[in-house]
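Let's start with one chain on its own, the form predicted on its own, as C-alpha cells.
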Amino acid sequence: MKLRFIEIKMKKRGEKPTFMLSVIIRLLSLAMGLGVVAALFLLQGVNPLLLYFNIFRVAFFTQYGLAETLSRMIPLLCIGIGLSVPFRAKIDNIGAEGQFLVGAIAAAGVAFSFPDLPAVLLIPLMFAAGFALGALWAIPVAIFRVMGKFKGADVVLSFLMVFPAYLLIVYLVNGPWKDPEGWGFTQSPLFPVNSQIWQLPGTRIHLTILLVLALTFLIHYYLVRTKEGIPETKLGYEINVVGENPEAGAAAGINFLKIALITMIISGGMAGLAGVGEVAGNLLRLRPEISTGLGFTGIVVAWLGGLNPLGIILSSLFFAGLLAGGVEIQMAGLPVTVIDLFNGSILFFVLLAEFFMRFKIEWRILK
C-alpha cells in the first residue's frame, strides 16, 4: 500500500467579503453558537426552543425586561466599543474586566473624597477619573506588547492585570471603605446622593447611556468611517494599516508604539467609564462582584459586532437581552452561569468565521 501525503496551505484572501456577506457569516456563527448551547439544554432535559423564546420574550417584550435590557446594554456597549479599537490594530486587550474595575474604584474614590461638590461638577469628575485610571491600567499592556516584541504579550499581561484590580476592591471594601452598617456584606457605604447618576424613573437606565452613544458616534466618525473601503481619517488609516500589515506600516513610517498607546488608552478608558456608570448609576456602592464578567462579555460583543460601531450596538443589545432574560434560565432549573456558555460558544464560532473571512485553506494530495 502506497502512502500518500496531503499538503495543506493557508492563504490570505485577495478581497475582503462584502458587507452583506460578512453580516450573513456572523449571523450563521451566532446561530451555530446558540445551536451548541441548545444541544446542552437538550442533554439536561430542557426544551431549548421554549427556553430561547421565554428569554427573549422577557428581555424585549415586557416593560420590566426591556428596561433591564437597556440598563445592562450600557456597560456592554461601552466596553465593546472600546475593545474594538485595539482589536482593529491586532492588539488583543482581554483585560477590560480589570480596567472596568479600576474605573469603578476611581469613581468611588472621587465620590467619597468630595461628597459636598455639586452633582454638576462631581459626576463629570468621576467620569474623568474613571477614564484616566482605566487608561492608565491599559498602558503597560501597550508598552509590553511593542517593546517586548512578543505577539502574545498583550493577551497575557492584560489578563493578569484583572486580578490586582479585583483584589484592590476587596481590600478597599474590607478596609478604608468598609460599610459600617453593612450587616456582614462586603461593600462600601452608599455613594453620596449628588454622586449618583440620574436614572429614568422606575428603571435602572441611567444617563450614562447618552455619553456612551455619543462616544460610539465619535469613535465611528474619527476612527472607523471609510470611503470606498479606506478610512477617511489619518489615525483611522494608521490603525487599519497596522492591523492589516504591521510590516507595511513600519515601512510607511507608522509608529507602532504610538498606535498601541492610543488604542489601548481609548480601550482602557472606555472600560473605566463603564465601571463609573455601573457603580454610580446602578449599584450606587462598591462591591467585589460589581462586574460579573462584563469585561469578558465585551470581547464577544466586539467581535460579534464585526468591530463596527453599528454592529456592536446590536450585539450589545443582544447580549444584554440574554442577561436580562437570565431569570428564565434559573426557572428552567439551570444555573445562571449558563450565560457563560453562550459567551464561549458564540465567541468560538465568531472567531472561526473571522479566520475564514481572512484566509482560505488549500490542500492537495502529493503523489
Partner chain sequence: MSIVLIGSSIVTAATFFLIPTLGEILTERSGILNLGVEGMVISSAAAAFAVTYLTGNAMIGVLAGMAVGGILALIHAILSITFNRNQVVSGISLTVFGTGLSGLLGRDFVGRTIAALQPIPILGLSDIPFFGPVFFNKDILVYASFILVPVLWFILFRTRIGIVIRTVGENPAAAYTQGINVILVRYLCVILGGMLCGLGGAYMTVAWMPAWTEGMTGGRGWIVIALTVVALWHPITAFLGAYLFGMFHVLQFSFQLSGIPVAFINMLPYLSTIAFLLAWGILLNKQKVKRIIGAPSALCVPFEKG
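Model, not experiment: these values are computed from the prediction. Positions refer to the first chain, counted from 1.
FYI, the form predicted together with the partner chain isn't displayed, but the following is about it.
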query: Residue (of Phe217, Phe185, Phe163, Trp198) lying close to the partner chain in the predicted complex, criterion heavy atoms within 4.5 Å; finding: Phe163
query: In the predicted complex, the one of Met32, Leu66, Leu307, Val338 near the partner chain [non-hydrogen atom within 4.5 angstroms]; finding: Val338
query: Contact test in the predicted complex: Phe318 vs the partner chain, heavy atoms, 4.5 Å; finding: no
query: 4.5 Å heavy atom contact, Leu190 to the partner chain in the predicted complex; finding: no
query: Close approach of Leu157 to the partner chain in the predicted complex, 4.5 Å, heavy atom; finding: yes
query: Non-hydrogen atom contact Leu347 with the partner chain in the predicted complex at 4.5 angstroms; finding: yes
query: Partner-facing stretch of 53-61, 37-45, 307-315, 24-32, counted where any non-hydrogen atom is within 4.5 angstroms of the partner chain in the predicted complex; finding: 37-45
query: Contacts with the partner chain in the predicted complex - residues in 55-75 whose heavy atoms fall within 4.5 Å; finding: none
